[in-house]
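Here we start with a single chain on its own, the form predicted alone, put down as structure tokens.
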């Protein structure tokens, strides 16, 4: 049968799913998809002929070539989804018959699933489920084009919603009990994953200023006990002691070193769980000195936690850190000491200032540098003025005196090195905002600080930003940047801001979704089953339990729905139960004849079933009173319903048993 127009629900699903995939498609395939959709629509509305087969083959070959040129492959998530979208568009141009819609329908299912390969946020999941609901409705319309469900969208949507609700218990039971993989759902490695903008392995001038405008979460932390104090929330990511080859004003991260020479204080240990957003890097944020690291990761000599693979997808891991520790106490290898004393750039004024401190003990030189920041009119701002040139530190220290955390860390480390104190820059995050029962650390909390080395204390953290803007450390970026109207309300933490409150609420929902749905892995499943006393080591048993419970629940639901349908067809509860009683009597061999009245049937049944004679007689009286009374009372109707239900329960199993014996 020739097809005049595509099913409207199928149209909605195609447009919606491609719209959700748009941010992940290369721009080179967009013209092909847009032209294909527009051509199909003009064909349906204006009668424009569909392209001939040779043109479709040409378009298919050209689309494949475009995808290969863009991704250099035909496999993988990104290339595969691009091909799928192009195939859906071209399929629209060769859909002539009604049955051809099945091909489009199948492609639409794959398109919906592919959306979740890129993003599993609760909002995206809700949109995909809504489109899935429409798609089932489209399926019903395509399958029954001449039936009642083929014409009324409302009825199709009601029926498709009902089907989805019937399958929901089965889905929930399998989700909860079926054996889970070791990692969370987001833990599947994807080629070319979702790495986002954040800290990088090179600290350039102005980098942290831009991050201050980004309110998106970098990671979330749930502590096993009380969250650590704000001034202790230094999340270590990169340690930088060298300069970029082409830019001596930019710091570059050290490669992974050997094992650390560290002493920790047991009383200062804290355990916590981190849910990290994609970074594209191998380094995992951690507090102070990590003691216990996640699987497939290790702690290097700079106390940086390195993972085997880059974090291309959301990652959840557990850590234990010691807040009090001593690192590299005693001595440093000669080549390391030279590395930590190297000066980059040309800053003669800075060198002259540090030369005046060289006759002081190392601890006094550190205090003199901090006092310099406190006593001079320095300002903590994202608008520092000039930052270019090989004497950037001189410009900052003696001219502009305006800078952000990276400017203070950079200048302080150079001062220390010029004063013959080994020093290095550390970048990561500082602070965080409590939202419910977890701490959210945003990209705007990115921070840079310094570490200096002395023989008696080893490496110690020194934050020169605290000397200028102590509120930045104690209360976060919100307090220190409260007057900067260019920052989002979420970053400034405006208490009365509706947008901030909504964002916090959405983030709480996202976090719970991530923790309890996407993060529902094998470990959480075992913990949950253990609380119910159902912990099983072998994965076969939970699978069998899941299948058994799901089948039982499904069967029970079908029975309830069948009973509800029969009651609806009977017209009332009394008529439904009366029909059931006649069925019970028929199974016991007491069939109602055509001219036989209800009273005669019940009398005959009372004679045959003496153990239920009194109940049958009473039901007959109530039935006549209800049927033929001018105004039957509610009490009589309720009593009749109760009697019929009791009598049905008494005769049901007896009739079943008799049928089985016969």
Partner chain sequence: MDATICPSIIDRTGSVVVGQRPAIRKALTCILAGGHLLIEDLPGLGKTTLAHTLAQVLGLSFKRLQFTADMLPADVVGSSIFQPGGASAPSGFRFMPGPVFTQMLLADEINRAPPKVQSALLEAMEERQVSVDGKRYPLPAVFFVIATQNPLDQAGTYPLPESQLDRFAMVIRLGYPDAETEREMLLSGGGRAHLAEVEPIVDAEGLQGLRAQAARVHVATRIAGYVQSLLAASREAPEFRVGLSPRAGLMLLNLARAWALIDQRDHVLPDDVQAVLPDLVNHRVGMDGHDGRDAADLLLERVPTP
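Positions refer to the first chain, counted from 1. Fair warning: this is a prediction, and the values are worked out from it, not measured in the lab. If you superpose the two forms and keep the largest set of C-alpha atoms that fall within 1.5 Å, you have the rigid core.
Form predicted in complex with the partner chain: not shown, discussed below.
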ask   = So in the model of the complex, does residue 627 come within 4.5 Å of the partner chain, heavy atom to heavy atom?
value = yes
query = Do residue 610 and the partner chain come within 4.5 Å of each other in the model of the complex, heavy atoms counted?
reply = no
ask   = Any of the heavy atoms of residue 49 lying within 4.5 Å of the partner chain in the model of the complex?
value = no
key: Any non-hydrogen atom of residue 64 within 4.5 angstroms of the partner chain in the model of the complex   = no
inquiry  = Given a 4.5 Å cut-off on heavy atoms, tell me which of 610-618, 53-61, 596-604, 33-41 is the interface stretch with the partner chain in the model of the complex.
reply    = 596-604
remark   = Residue within 4.5 Å of the partner chain in the model of the complex by heavy atom, from 282, 336, 222, 592, is 592
query = Considering the partner chain in the model of the complex, which of 367, 575, 352, 231 comes within 4.5 Å of it through any heavy atom?
reply = 575
ask   = Looking at the partner chain in the model of the complex, which residues in 235-260 have at least one heavy atom within 4.5 Å of it?
value = none
request  = Align on the rigid core first; then say whether the Cα of residue 599 has moved by at least 2 Å between the shown form and the other one.
outcome  = yes
key: Core-aligned C-alpha movement of residue 51 between the shown form and the other one reaching 2 Å   = no
message = Superposing on the rigid core, is the Cα displacement of residue 32 between the shown form and the other one 2 Å or more?
response = no
